[in-house]
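Presented as C-alpha cells, the chain that follows is alone, the form predicted alone.
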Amino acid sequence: MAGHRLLVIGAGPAGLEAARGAADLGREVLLVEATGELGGTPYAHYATLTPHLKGTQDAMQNMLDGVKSHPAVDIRYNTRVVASEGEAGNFRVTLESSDGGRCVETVGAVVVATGFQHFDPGRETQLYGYYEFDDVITLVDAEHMMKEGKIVRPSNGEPPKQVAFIQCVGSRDRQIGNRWCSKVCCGIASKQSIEIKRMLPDAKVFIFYIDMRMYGFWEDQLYWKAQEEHKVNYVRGIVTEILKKGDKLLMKGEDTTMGRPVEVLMDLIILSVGMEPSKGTLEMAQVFNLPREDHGFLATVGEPLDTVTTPVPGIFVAGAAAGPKDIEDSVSMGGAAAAKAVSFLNRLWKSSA
C-alpha cells in the first residue's frame, strides 16, 4: 500500500542512509532529489572526506550503489516536494520535476534530509573581499581545485607560495545573526592545509582562528598531523581587513595570543565558510509546517536523546537540516531516522489493522 511507503527528501549522506536503512527493514522508499545525481554536497563539491582524506567519489560509491540497486527504492531525480496535505499514514505529497511536470504520491511517513548551504561571504559587508579579489576564495572553491588535482591562484594560474585560511566566516557571528559554530570548518581547513602541503611542499600555510575546535579523533587525525607532519602554522588571531598590494593580498589583523597587530602578504586566502539552513530545508519547513529551532534549522522534540523526531507526527529529520553536522553525524542520523520512521509506521498500521 502507498501509505506504507517512506518518503525521503534529499539524497546526501543522511538521505541515502535513511533510504537504504528503511528499504533494508522491508519498507518501500520514495527518494526525492532536487538535482540530477545522488550524494549531496559532499559528492558534488568535495575532493576528499574528513578526516581520512579518502577520495569522495570512491568513499561514497558503495553507499550510492546500495541505494541505486535496491529494488525497494524508487528514486526521483530533479524533483522537489512542493505541497503536502493529510497526516501521518496518509501524507499526499505533490512532486514537481524540473520540467514542470507534477504528480501526487501517498506516503505514510517522511524523512527530511535536505542538508545545508554554505555561507555567502559577500554578506559580511565585503570584509574579506570575496567578490573583489580573485585570490580570495572559499573552502568550496578550494575543494573544486583539489578535485582537479591542483591549487593555483585564480588571478594568474600560478601555484601560491603563501596561503592563509580565515576561520569562522559566517559562523559565531552575532552581528549577522549566525550565532552558532558550524562544527566542521576547523577540520576541513586543517584537511585542506594538509592537501595543499602535499601538492605544494614548499608553500607556507597559515590558519588564522578565533578558537581551534577539533573534537574527538580530529585532534589527532588532523590538527596535530597538520602541524607536526606538514608544518602548517596555526595563528590565534582576528583578520580585520584585506587589501590589494601589488599582485599580492595584504592581510591586516591582530595576533590575539601575543596581543599585537599583524600585517602579512599572501598569495591565496581561503575563507572557511560556515553552514546555514538550505533553501530546501526552508521550503520543507513551510510545506510540512515544521517548526524551526532558534537558529533556523528544523526543530526536534527530544534532543539530546532523540535527534530525529520532529514535532509533526510521522515526519523525521536527518543530517544538517537539523543543524551543523559532519558526515559521521549525518549518516548516523540517517540510520536513526530510518529506524524511527519504520517503527512509527509499524505501530501505526498495527493499531489500525
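Computed from a prediction, not measured in an experiment: that's the story for all the values here. From 1 onward, residues are counted along the sequence shown.
There is also a form predicted together with a further copy of the same chain; it is not shown, and the following applies to it.
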Hey, with a further copy of the same chain in the model of the complex, do Y209, G335 and S343 all fall inside the 4.5 Å heavy atom range? yes
Within 4.5 Å, heavy atoms only, which of K183, R76, K147, K279 is in contact with a further copy of the same chain in the model of the complex? K183
Please pick, from N90, T256, S97, S155, the one residue with any non-hydrogen atom lying within 4.5 angstroms of a further copy of the same chain in the model of the complex. T256
Is D120 near a further copy of the same chain? Define near as a heavy atom within 4.5 Å, in the model of the complex. no
Flag K68 as yes or no: does it have a non-hydrogen atom within 4.5 angstroms of any non-hydrogen atom of a further copy of the same chain in the model of the complex? no
Would V32 count as a contact of a further copy of the same chain in the model of the complex, using a 4.5 angstroms cut-off between non-hydrogen atoms? no
In the model of the complex, is there a heavy atom of a further copy of the same chain that lies within 4.5 Å of any heavy atom of G246, even though the partner is absent here? no
So if I measure heavy atom distances to a further copy of the same chain in the model of the complex, which of the stretches 155-163, 127-135, 212-220, 107-115 falls within 4.5 Å? 212-220
Any residue of 307-339 that, in the model of the complex, places a heavy atom within 4.5 Å of a further copy of the same chain: T307, A322, G323, P324, I327, E328, D329, V331, S332, M333, G335, A336, A339
